[in-house]
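A single chain comes next, written as structure tokens; it is the form predicted on its own.
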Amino acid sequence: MMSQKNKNNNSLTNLSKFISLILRHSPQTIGLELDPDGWVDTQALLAGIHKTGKYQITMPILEEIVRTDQKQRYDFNEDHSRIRANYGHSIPVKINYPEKEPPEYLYHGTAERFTDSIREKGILPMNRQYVHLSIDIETASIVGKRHGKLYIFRIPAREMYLKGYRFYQAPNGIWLADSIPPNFLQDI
């Protein structure tokens, strides 16, 4: 039998995934449109989710999801009247993060079955706005394992930066780049 706490956690996790779907991929699912920077009116989001009948959501529940999300996927504006996903969009939004000098190395976890294509073309954002890079091997491993048999590339990020490539850091610590050319891929 599932405890009430586990039921609540599963419910919040499922609701968070639904919010992620809306804010990163399909705002039209609930009749919303993101502005060019990815923001949407918080009350419109709550109303749209409520209308689906899938979830009971209130502002305190939404604030808890934003506050406790381990990957810090979401961000409110100062007065919480607007909300957006911080990264991972497959729809055309341009979240502008300040350029930042990266550490010496960053890492990209992927599935082994993609490595031939990556070696040929580099790491591309595919259906996302940016390439996502991790600060350490452990985090890259978690990301890469979701896609199949794990493979990790090391990226000489500081060297790239010094050669004019731009890097950004999302509020959750994920490093972002427009792409990683094949000549900067290092096997671990």
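Fair warning: this is a prediction, and the values are worked out from it, not measured in the lab. So that there is no doubt, residue numbering starts at 1 and follows the sequence shown.
One more form of this protein exists, namely the form predicted together with a small molecule; it is left out here, but the text below deals with it.
Peer 1: Report whether all of R24, K121 and M126 sit within 4.5 Å of the small molecule in the predicted complex, measuring from non-hydrogen atoms.
Peer 2: Affirmative, all three are within 4.5 Å.
Peer 1: The small molecule isn't shown here, but in the predicted complex which of V143, I57, V66, I30 has a heavy atom within 4.5 Å of it?
Peer 2: Checked against the cut-off, the match is V143.
Peer 1: Can you pick out, from Y97, F76, F114, Y105, the residue that has a heavy atom within 4.5 Å of the small molecule in the predicted complex?
Peer 2: None of the others qualify; the residue that does is F114.
Peer 1: Using 4.5 Å between non-hydrogen atoms, is T110 touching the small molecule in the predicted complex?
Peer 2: Yes, T110 lies within 4.5 Å of the small molecule in the predicted complex.
Peer 1: I'd like to know if H80 sits close to the small molecule in the predicted complex, meaning any non-hydrogen atom pair within 4.5 angstroms.
Peer 2: It does not: once the small molecule is placed as it appears in the predicted complex, H80 has no heavy atom within 4.5 Å of it.
Peer 1: Is it the case that A177, even though its partner is missing from this view, gets within 4.5 Å of the small molecule in the predicted complex, heavy atoms only?
Peer 2: Output for A177 is no: heavy atoms all beyond 4.5 Å of the small molecule.
Peer 1: Within a 4.5 Å heavy atom cut-off, is H147 in contact with the small molecule in the predicted complex?
Peer 2: Because a heavy atom of H147 falls inside 4.5 Å of the small molecule in the predicted complex, the answer is yes.
Peer 1: Which one of these stretches, 126-134, 33-41, 47-55, 158-166, sits within 4.5 Å of the small molecule in the predicted complex when only heavy atoms are counted?
Peer 2: Stretch 126-134 is the one.
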